[in-house]
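Okay, here we've got a single chain as structure tokens, the form predicted on its own, with questions on binding and movement later.
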Amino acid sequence: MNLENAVETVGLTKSYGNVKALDGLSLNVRRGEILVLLGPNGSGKTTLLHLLSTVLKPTSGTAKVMGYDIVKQPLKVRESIGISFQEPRGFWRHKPYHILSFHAAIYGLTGEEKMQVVEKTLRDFDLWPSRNKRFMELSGGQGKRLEVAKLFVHRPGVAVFDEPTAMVDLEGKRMIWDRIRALREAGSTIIVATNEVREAEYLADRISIMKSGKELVTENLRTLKDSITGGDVVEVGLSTAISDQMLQVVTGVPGTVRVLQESESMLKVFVNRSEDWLPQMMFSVQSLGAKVTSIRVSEPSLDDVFLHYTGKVVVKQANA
């Protein structure tokens, strides 16, 4: 295992009969990064998290967490990883304070230290006023915050979050995202599974786009956006009417994919890497004696990236 990686999978597969929930996945998660798994329901995200957390056993392939094999060394894996499940887990009559206290005790916290950690975690996740409510009395958002909060009691080496802000309102989402980033800064490696574009953009160091149990691409957001041919759209206003010669010159600038004339003196140009294309375009236009009077650049969104790779639109979560 590469020492720079906290998690490595090689040909990881999970089948249910003839259906492959995960199909030969080979993926690395670097130590100290936040990797976001982005994909619609059924793409294999949750299956991967359950395999890494030893909740499930693979049909074939291998995976290591912090150097430990998920099949041969499951106890060592469980000592290294923590998972926040998609659905909040708790017995109906247990209370948030007791749930987190029990969780802390499992990981060796006792006495005053345990009490301080549990209280701080409840306050950090806005659960202190609800600490003595029964689990069944919590709102969906409170239950989800409690599920996420479990990982902040013991701060595992690898922290896994399955849709951490589902059922949470906008203010709560931002709070949870900031807590997750702080957990990374404290030394944990983070894996987040989501189908929410905004969550991926806010959290990710790298994004892995998944579909049908396979990883299609894993890169940082900037590289993903740059990978779309003609993804940047540049609207260029010129000081003179656009001639056929001007169209030919702009079309010939390296990186130009498509040119549309919007009006007598306005072009819309689809380009690769607008930051490289713009200086060359301006030089070419000025060589014909014209001046650029306005420039407006829009880059592809993560929605566009996902559509480009999968042919699908990401299904966004609704707020509670």
Partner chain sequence: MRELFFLLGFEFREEFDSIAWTVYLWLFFAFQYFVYGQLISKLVTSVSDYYLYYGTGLLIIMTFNVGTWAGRRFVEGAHEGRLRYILSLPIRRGELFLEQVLLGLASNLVRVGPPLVLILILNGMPAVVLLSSVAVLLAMSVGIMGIMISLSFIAFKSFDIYSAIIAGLSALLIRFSTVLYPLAFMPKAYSTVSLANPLTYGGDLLRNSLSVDVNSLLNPQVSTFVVVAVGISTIALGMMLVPRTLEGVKSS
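Positions refer to the first chain, counted from 1. In this text, all values refer to a predicted model and were calculated from it rather than measured experimentally.
One more form of this protein, predicted together with the partner chain, exists but is not displayed; see below.
The stretch from 219 to 227, 196 to 204, 89 to 97, 244 to 252 that comes within 4.5 Å of the partner chain in the model of the complex, counting heavy atoms only, is 89 to 97. A single residue from the set T54, S265, S274, S284 has any heavy atom within 4.5 angstroms of the partner chain in the model of the complex; that residue is T54. Contact check at 4.5 Å (heavy atoms) against the partner chain in the model of the complex: all three of I83, H103 and K150 pass. Contact between D124 and the partner chain in the model of the complex is not found at the 4.5 Å heavy atom cutoff. Although the partner is absent here, R179 lies well away from the partner chain in the model of the complex, with no heavy atom inside 4.5 Å.
Taking the partner from the other structure, the partner chain in the model of the complex has no heavy atom within 4.5 Å of any heavy atom of K214. Using a 4.5 angstroms threshold between heavy atoms, R78 counts as touching the partner chain in the model of the complex.
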